[in-house]
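Take a look at this one chain, the form predicted on its own, written out in structure tokens.
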Amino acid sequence: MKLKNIFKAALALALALSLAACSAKSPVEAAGTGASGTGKKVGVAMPTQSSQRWIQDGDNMRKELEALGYEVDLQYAEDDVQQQVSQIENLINNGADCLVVAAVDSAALVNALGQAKSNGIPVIAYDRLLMDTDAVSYYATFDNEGIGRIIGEYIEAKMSLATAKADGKTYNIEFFMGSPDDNNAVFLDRGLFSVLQQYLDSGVLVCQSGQTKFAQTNTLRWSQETAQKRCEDILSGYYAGGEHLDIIASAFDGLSYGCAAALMGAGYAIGNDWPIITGQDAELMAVKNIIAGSQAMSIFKDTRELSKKCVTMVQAVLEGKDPEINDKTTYNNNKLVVPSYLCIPIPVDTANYKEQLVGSGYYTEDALK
């Protein structure tokens, strides 16, 4: 598949679905000037402020909800599981009428979410599915398996994997996947390998470390430092004898930063023998790295649209209405299939970052300098 066709396919899908909702009017625009949320409180539990995207998510959510008249209590747990449990319990005790939760570790939240249900408080899972609970009402996220497929298809096209065997070419690849306590990481891994497994089986792709299973490639809390240390160990253990690492399939920009640091430490040079490195979230630093050549691509997940979609869910459940959803089958949390709305991810690289990121107002040209 040609690289430009990947972008065309992703953009066409994004346009088709975004016309339906994600690019529709914001909750504020749709509601007019009335403050429908007056007198109601929404508790928002976010995982961390260590990543740019979660700060943006929280800011966007607060802005949209407050514009509708809701009181917003926004909490960040800084990736501390017990702190998030306490925060959610406090949100319940302080009179939240609805909870929006992006979990640090959803397994640890089951009892707290059960308290919310007992108190008649609807819960909306934000970006990360809440597992093993029947207390969750709806889920707003991106197509996480689709993100994995897009990353896989980018690698496939960039390295011409479909014709590599006939051309007698093989490439070394290593995998840096997301956190095992985040169900999104599992879906992304599944999507990635739905594209790349055939090339591992045929020998076109070779993983010198042998670490291809999610149990081996996951990175707890999506930690940059953990990814860097693991990449350093892989480079010294499997690539010190002259083997060259050609591809790093990274599931998140933060992991990509860590891998890039490890590569530099091992003597790899940008523009010379530098591997292609993927990513996710199109963080400002990642886009600058794409421009500079230390990262090949990232996945643009417009958190402005995701927060708008989540706010329409909050508004609907607090008004006793059914929110718009577009997926009723994918997200089984071991207790129920959670009705979901999936926004569409967009791949960005040097060819289209200006159109997608600057053109949409997500970043300015000056910010990318």
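Since this is a predicted model, take the numbers as computed values, not measurements. Don't overthink the numbering: it's just position in the shown sequence, from 1.
Only in words, not in the display: the form predicted together with a small molecule, which the text now covers.
- Here the chain stands alone, but in the model of the complex its contact with the small molecule, taken as any heavy atom within 4.5 Å, falls in 53 to 61 among 53 to 61, 322 to 330, 66 to 74, 335 to 343.
- This chain appears without its partner; in the model of the complex, the one residue of T217, T133, S294, N184 with a heavy atom within 4.5 Å of the small molecule is N184.
- Between the small molecule and the residues E156, E174, D189, D281, the one pair within 4.5 Å by heavy atoms in the model of the complex involves D281.
- Although the partner is absent here, N144 is a contact residue: one of its heavy atoms lies within 4.5 angstroms of the small molecule in the model of the complex.
- Using a 4.5 angstroms limit between non-hydrogen atoms, R149 is distant from the small molecule in the model of the complex.
- The closest heavy atom approach of R230 to the small molecule in the model of the complex falls outside 4.5 Å.
- Contact between K308 and the small molecule in the model of the complex is not found at the 4.5 Å heavy atom cutoff.
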